Every structure is written in structure tokens, then in C-alpha cells.
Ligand SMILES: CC(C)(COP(=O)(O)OP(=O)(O)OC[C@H]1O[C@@H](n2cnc3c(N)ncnc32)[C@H](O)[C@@H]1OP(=O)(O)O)[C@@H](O)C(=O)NCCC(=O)NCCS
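In C-alpha cells, one chain follows: the form predicted alone.
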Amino acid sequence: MEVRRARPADRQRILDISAQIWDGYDYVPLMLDEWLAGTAGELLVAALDGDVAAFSYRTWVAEGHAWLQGIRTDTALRGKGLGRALTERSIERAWADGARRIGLSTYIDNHASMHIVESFGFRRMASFVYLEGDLPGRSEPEDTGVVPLSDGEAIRVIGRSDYLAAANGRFPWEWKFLSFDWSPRTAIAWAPYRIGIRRDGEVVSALCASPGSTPSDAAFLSFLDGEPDDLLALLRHAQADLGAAKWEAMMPKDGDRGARALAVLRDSGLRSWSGFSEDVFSYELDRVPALSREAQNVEGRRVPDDAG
């Protein structure tokens, strides 16, 4: 077995392996040219007798915080240690490049991946429900006192929220998760569309999202929390403002504890692959021994207003 950096000549073989994933709906083909260019990360392949048999990608979610994703193995060659070899090399190279933490996420049915990463010391830090679907279109935003939020306002309301506590401090963007107190400003930069409802001078409810690149692309909802009666109003305002029919979201849920927005999104028509049970897990590995999950939970130690 040889583990090496991917080359342009590996492109078709990588696509062939990717086509075996998720019934051919893998996201890797959309990202492959960027990954091969190597401007934002490193694409590795594992080869058997010179033929590419597996691949994985490593990038960054914040300074000092590496991220592993896209670990794929030819289904005919599973059980040969390819995923383990790629994970080990990716960890080594991340530390060498200055990472202090490495993260990744996995779906609930990917037991092999969870077994591998846990054997390297990765700890499950948070769980989420992945949602997707169409929201009913609206021609104009509702007049509900919705206002745009500054960076500072967004950081304050997110850092003090029940949502962030349910997420064990992790802020989502698509399938990536960043500990909010690692870099609050990096986290909110993932969601440049930020609106809220302010009462008595304080933001009491907020929504943070990233619009799709085109109207046909899904918008991603990273945060929705606050007073229960405000959540639907914020969602409808965002839908009208962004004009995106398709939406995706990661809502924190851990057993009986979850984001109050989960019910609003379910009632609004978003679908879950798992019956609205937690199905996406965020894992982390620190360069130095980390605090326990209980100690890292943000409840009771809110993010400072001037963090970041």
C-alpha cells in the first residue's frame, strides 16, 4: 500500500470510487477540481499495486483547526485497512502543519468510520439532525420587527443561546462543525445572512444562514433560536429575503435535549433521513489532552461578548 498526494491523473479513478457512494449522489465530484488544485487543503489517495483504491481530503475550518472529510474506499476493497491508513497519515500531516485540533463528522450508519476514528482517540462532541427540503415561497418579507444583526450582536445571542448549549458549543455549516469559542468570528462568517428580533434594546431571537450560490442551490440554516413565537417569523422572513426554495439545516439534538427550532422546521416541511432523531455526529481530536465533554459544554460559561 502507498499513501500519497493525489495527482490530476487520479481524477477518473476518484470519480469512479465516488460514484459508489450514496447511490451516485456523492458531493465529491462537485469539489474534486478544487481539491486537486490543493489551494485550501490536501487530497490524499491510498494505492494498492499502483491503483488508487481510496482517498480522503483534509482542510481547515479555522486557524489551528484541521478538518477531515471525503474518506472513500472502493467497495470491492474494503477491509484492507485503507481508511485507517489514510486517517493516520492525515492526522500526522495535520499535526505537522500546525493543527492543534482535528475535527470530522460522520453519519449514523457509518459504523466503520466511527470505529476507525475512535481508535485514534477522536471523541464524539456533539450530535445533530440533518434536515433538507423545500420551504413555501413568499413574495415579500413580513413586517415583524426583523432587523439585520451586526457581528457583535450575532456573537452575543449565539454564545448565550440554548441552541449552542444543546450543540455542546459547536456551530454548524453544512457537514462541518466549529467550537464556537474557538473562533466566534470565523463561525459567524460561515453564515453571512443574519437577522434577529430586538426587544427593549436586546436581541431575543436570531437566525443565521448562508444563501446558495444560485437561486437553485440550497440555502443552509446554521442557527435559529430565541422566543418560540419568533422562530417561524424569522424563518419566513429569511425565505422571502433569500428567495431560496431549497433549504438544509443541522439542528442540535442529544437524546431528549434539542433545539426548539427543530419542531418549527419539521412543521414547515423540512425532512429528516432518520425520523428527526440525531443522525450526524461531530468528532474532535486535540493535540493536547482536552477537557471532558461535560467540562466543555457551554452551559454556565457563556461565550464572552467580545470573543473573537
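Treat the numbers as computed from the prediction; the structure is a model and nothing was measured. One-based numbering along the sequence shown.
There is another form of the same protein, the form predicted together with this ligand; it is not shown, and what comes next is about it.
Engineer: From the candidate stretches 94-102, 232-240, 180-188, 72-80, select the single one in contact with this ligand in the predicted bound form, where contact means a heavy atom within 4.5 Å.
Structural biologist: Looking at the partner contacts, the answer comes out as 72-80.
Engineer: Is it the case that V204, even though its partner is missing from this view, gets within 4.5 Å of this ligand in the predicted bound form, heavy atoms only?
Structural biologist: The answer is no: V204 has no heavy atom within 4.5 Å of this ligand.
Engineer: Contact with this ligand in the predicted bound form for N110, defined as at least one heavy atom pair within 4.5 Å: yes or no?
Structural biologist: Answer yes; at least one heavy atom of N110 falls within 4.5 Å of this ligand in the predicted bound form.
Engineer: With a 4.5 Å heavy atom cut-off, would you call H115 a contact of this ligand in the predicted bound form?
Structural biologist: Yes, H115 is a contact residue.
Engineer: Considering only heavy atoms, tell me if Y25 and this ligand come within 4.5 Å of each other in the predicted bound form.
Structural biologist: Looking in the predicted bound form, residue contacts with this ligand do not include Y25, since no heavy atom lies within 4.5 Å.
Engineer: If you check R123, R198, R160, R84 against this ligand in the predicted bound form, which one has a heavy atom within 4.5 Å?
Structural biologist: Checking each option against this ligand in the predicted bound form, the one that comes within 4.5 Å is R84.
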